[in-house]
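One chain is shown next in structure tokens, namely the form predicted on its own.
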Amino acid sequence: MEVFLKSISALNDETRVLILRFIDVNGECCVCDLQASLEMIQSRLSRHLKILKDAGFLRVERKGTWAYYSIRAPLDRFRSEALEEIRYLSVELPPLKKSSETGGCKI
């Protein structure tokens, strides 16, 4: 029950829904790319990412000093259907800014 409630709570925030949709569309993203693309301060972004990870939506892979987030696979039925519903939302996504490839990553 606790995991289910965490999942519901994670989706009860517009910013987290935006982050999920952004990663779903763009694939695996470095934190610095998410920060640049979504124009968020690192501490706020990290908190949202942790909530989504703890709720079972995201996985994180560390590569050196960078953390890369992607949609967890496989997702259970509830999370999979929630992500499918998010795909139908009219969410305006900013373009992906790849700070990690240009050397602009400061994290």
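This structure is a prediction, so every number in the text was calculated from the model and none was measured. Quick note: we count residues from 1 along the sequence shown, nothing fancier.
One more form of this protein, predicted together with another copy of the chain, exists but is not displayed; see below.
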Mind checking whether each of 29, 39 and 99 has a heavy atom within 4.5 Å of another copy of the chain in the predicted complex? no
Though another copy of the chain is not shown, can you say which of 45, 82, 71, 51 has a heavy atom within 4.5 Å of it in the predicted complex? 82
Even though the partner isn't displayed, in the predicted complex is residue 62 close enough to another copy of the chain, meaning a heavy atom within 4.5 Å? no
Heavy atom of residue 78 within 4.5 Å of another copy of the chain in the predicted complex: yes
Is there a heavy atom of residue 91 no more than 4.5 Å from a heavy atom of another copy of the chain in the predicted complex? yes
Applying a 4.5 angstroms cut-off on non-hydrogen atoms, the residues of 1-17 near another copy of the chain in the predicted complex are 1, 4, 5, 8, 9, 11, 12, 13, 14, 17
